[in-house]
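Only one chain comes next, encoded as structure tokens, the form predicted alone.
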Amino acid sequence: MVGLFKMINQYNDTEVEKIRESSLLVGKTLAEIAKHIKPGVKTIELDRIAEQFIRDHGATPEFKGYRGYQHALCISVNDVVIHGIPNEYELKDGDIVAVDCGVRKNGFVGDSAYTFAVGNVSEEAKHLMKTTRECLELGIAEAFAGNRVGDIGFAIQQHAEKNGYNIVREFCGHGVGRKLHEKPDVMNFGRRGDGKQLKNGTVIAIEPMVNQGVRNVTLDKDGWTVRTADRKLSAHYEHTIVARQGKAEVLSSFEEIEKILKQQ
């Protein structure tokens, strides 16, 4: 889940392992969801499956109750950028759907998101998803101790714009750990050398939101659902990482998700 929320936490190795445990459970939850993403499935059903899976694994859905939000997942279909509310919508062949999930276990939070193709999607949608995933990887490559959040944003922005896409600027990644949203804000655009410096043990969620068309967004009357202003597609991927000397260590994982997708 995205947040704009003073001190930047640095977590010790024991705490990082607890964040990793929660983050890996998010990946397993999204893998469970991957089994059910197909035409005809209602997004509210995906949310029910996720909440049951999370609770069965001794954790709680971190999004549920957050600022009054009533669900375990944010499910954002097609032109919905983030914070889509699970409802009676039935997924259709050709949709792309970003599923964002957070869990709390043993006092620590993990947060991750993945964009899924429903059935046969267009080549344009596939390229948007591929580019957004690459933006995430390039951002992670800049998230080492000593670098700054502007270095992450610069890498993400450059790759998105090089491919003809635009970066959402109203929402961003964030610190994560004891709380879902901590400092620092991790923008998906920026300049090299700008912003807060990452320390060894800084844990952040990096989450590029990339639009097929204009970067502008609108907010639905429900107060949550963020859409592209031109109603073109948007994609969203997110990992929780810890900054280390020389490189970032990814605490969440897409491995279980992609194992399921390859079997389908």
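From 1 onward, residues are counted along the sequence shown. The structure presented is a predicted model; accordingly, all values stated were derived computationally and were not measured.
There is also a form predicted in complex with a small molecule; it is not shown, and the following applies to it.
Highlighted residues His83, His181 and Trp224: every one comes within 4.5 Å of the small molecule in the predicted bound form, counting any heavy atom. In summary, among the residues Leu136, Val97, Cys74, Leu128, the only one with a non-hydrogen atom within 4.5 Å of the small molecule in the predicted bound form is Cys74. Site annotation in the predicted bound form: the residue of Arg148, His174, His159, Arg104 reaching within 4.5 Å of the small molecule with a heavy atom is His174. Of the stretches 60-68, 191-199, 46-54, 32-40, only 60-68 has residues with a heavy atom within 4.5 Å of the small molecule in the predicted bound form.
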